[in-house]
Each structure stands twice: as structure tokens, then as C-alpha cells.
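This document opens with one chain alone, in C-alpha cells, the form predicted alone.
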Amino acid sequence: MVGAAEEAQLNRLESQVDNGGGGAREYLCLVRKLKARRSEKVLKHGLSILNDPKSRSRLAGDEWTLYEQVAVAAMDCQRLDVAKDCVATLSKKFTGSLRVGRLEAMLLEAKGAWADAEKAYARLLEDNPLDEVMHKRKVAMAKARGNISAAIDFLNKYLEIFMADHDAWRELAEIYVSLQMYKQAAFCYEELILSQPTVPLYHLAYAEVLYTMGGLENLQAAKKYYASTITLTGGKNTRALYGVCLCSVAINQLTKGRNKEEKESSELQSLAAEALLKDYKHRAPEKLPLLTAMLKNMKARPLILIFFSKK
């Protein structure tokens, strides 16, 4: 993921190149380094270098890397003629290269020749079964064809080999959520939390899956993960604050008559409601009446009265 400082640096350099200030090569190198998706700019500025013999000669060993970068950008922009020329140049220079073979398979994919692309990836994976990019291309291709069951199958097989790939676990979780397969999605988020316990996004997503599944045990767990999200974000995650309130109300309804559980749930709900009121008062005071009405409906009225009496 590109950080704010890196994004700003990339934007400054892009503006400089677009306005004729030079630095195209540095810009393209930074795009590669950050793995940013700027296909139109890469195609434009990359071609300007490759089509100029003098500029191309200054690239030395980076010339072939740039051909690859422009080929991928051209496929993304559906400039298949440019992509074909770049791949052909690379194929002539590196005959039998696995990396070039991968580009050839991607070109087939870009053309919509799904069957041929699938055969090409299968053939390449026989020689190199640990190539992450080709496994991911198979997943992308299945999704592009609308074959979600195949995408799930490919992702599961991929994760059997590359268990530490957080992006793959998250993608699989999101697919399961879209199919309302919440137990499977919950398992994916559990894996993410185990491997990256300080990422609040995973705690929040897991809490929402548990809340959606419902039931007392799931609601209690959801409330805990909403609370951990609040802790990890320094109390600034509005979605998690709402989640605590909703879970507390649902738990109170299910545990009516169990005084201890009702009390604990109400206390946490009151704290979350107070944080929401303060946040809205500071950032969106015009929406405070809407929040007040909603919290009253969620039985947070006693807290609201106390809060406004302090103003």
C-alpha cells in the first residue's frame, strides 16, 4: 500500500513530467517501486522514451524492464498493438524466458482468449509451480469471466502454498461475504488477525461478519472486536463505535433478566454513545439531532440527557 508521503512524491513527479519538466525515467522507476497503477501515464511516458533511440540508449539494463512495464500498461489500456510489439521485442531478446512467457499469457488474457491463456498459465506453472503472479492471474481471470467458484478454488489452492499472503486472505474473505458465506469469511479474517493483530481494519471486518451472523455468542465476540478496533484506532473509528452500540442493544434483548450481562453491555454502550456524540458535535454538528434520535431509539437516552446537561 502506497503511503501518503510516497503518493505525494509520485504526484509531484508526475506533474513535473506532464508539464515538460523532465524526470520521466525517475517517474517510471518510482511507479515500479511503489507498484502504483498509473497505466495511462506509464504508457505515454514509457513510449516516449522507447521510441527515442537516444533516450533508450541511456537506459542500459533498464531498457528491458521498461519494455515489460509498458507492455503491462498497454494491456491495461487496451492498447494491444503496443503490448504485442513490446512482448515480441522481449521474446526476441529473451527466448524461452519464463517472465516473457507470463507476459504472452497475459496478452492472450487481455485479448479475451481465455482458454488459450488458461492453457498457457497451466503450462508455465508446471515448470514453476511457485510463481505467485501466475497463480493470481488465474484468480483474476476466473473473476473476469464471472466464475466465482473457480476463483475461490484457485485462491484456496494458492493459500495452501502462500499462507502469509494477507491480500489473498482478504480477497477471499470479501468474496465469501459477497456470497453470504459468513462462516468461511470469518475464518479468513481470523487468519488475518492472527498474522497481523494490530491492523484495525481486520478487527472491524471480523466484527461485522460476526454481527451479521447473529446469535448471542457471535454478538458478544463482535462487540469485543468492535472494542479492539476502537482501541487500535485511539477511539476514532466511528463505524466501530456504532457497532458497539448495535451489539449492546442486540445482546440486551437476548439476555433480558441477566442483570450482570445487561449492566456490562449498557456501560460499554454508554461509553460508545458518548464518544459518538462528542465526535459528531465536533465534526458534524448539523447531524447531531439525527444521531441523538437514533441513540434514543437504541435506548441510550439516559446518557444523551447527561451529555447535553454538561454543555
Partner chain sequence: MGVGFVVGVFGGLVLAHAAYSTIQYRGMLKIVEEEFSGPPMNVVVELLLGLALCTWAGLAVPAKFLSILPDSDENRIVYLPANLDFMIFNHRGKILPTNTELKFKI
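Positions refer to the first chain, counted from 1. The structure presented is a predicted model; accordingly, all values stated were derived computationally and were not measured.
There is another form of the same protein, the form predicted together with the partner chain; it is not shown, and what comes next is about it.
Chemist: Hey, in the predicted complex, does Gln253 get a heavy atom within 4.5 angstroms of the partner chain?
Modeler: Flag for Gln253 set to no.
Chemist: Contact with the partner chain in the predicted complex for Lys143, defined as at least one heavy atom pair within 4.5 Å: yes or no?
Modeler: Output for Lys143 is yes: heavy atoms within 4.5 Å of the partner chain.
Chemist: Does the partner chain get within 4.5 angstroms of any non-hydrogen atom of Asp85 in the predicted complex?
Modeler: Contact check for Asp85: yes, within 4.5 Å of the partner chain in the predicted complex.
Chemist: Decide whether Gly234 counts as a contact residue for the partner chain in the predicted complex under a heavy atom distance cut-off of 4.5 Å.
Modeler: Because a heavy atom of Gly234 falls inside 4.5 Å of the partner chain in the predicted complex, the answer is yes.
Chemist: Using a 4.5 Å heavy atom cut-off, which residue among Trp114, Phe94, Phe187, Phe162 comes into contact with the partner chain in the predicted complex?
Modeler: Of the candidates Trp114, Phe94, Phe187, Phe162, Trp114 is the one lying within 4.5 Å of the partner chain in the predicted complex.
Chemist: If you check Ser195, Asn156, Gln220, Gln78 against the partner chain in the predicted complex, which one has a heavy atom within 4.5 Å?
Modeler: When the partner chain is considered in the predicted complex, the option within 4.5 Å is Gln78.
Chemist: Exactly one stretch in 178-186, 212-220, 123-131, 196-204 has heavy atoms within 4.5 Å of the partner chain in the predicted complex; which is it?
Modeler: It is the stretch 196-204.
Chemist: Note that the partner chain is not shown here; using its position in the predicted complex, name the residues of 272-291 with a heavy atom within 4.5 Å of it, in sequence order.
Modeler: Stretch hits: zero.
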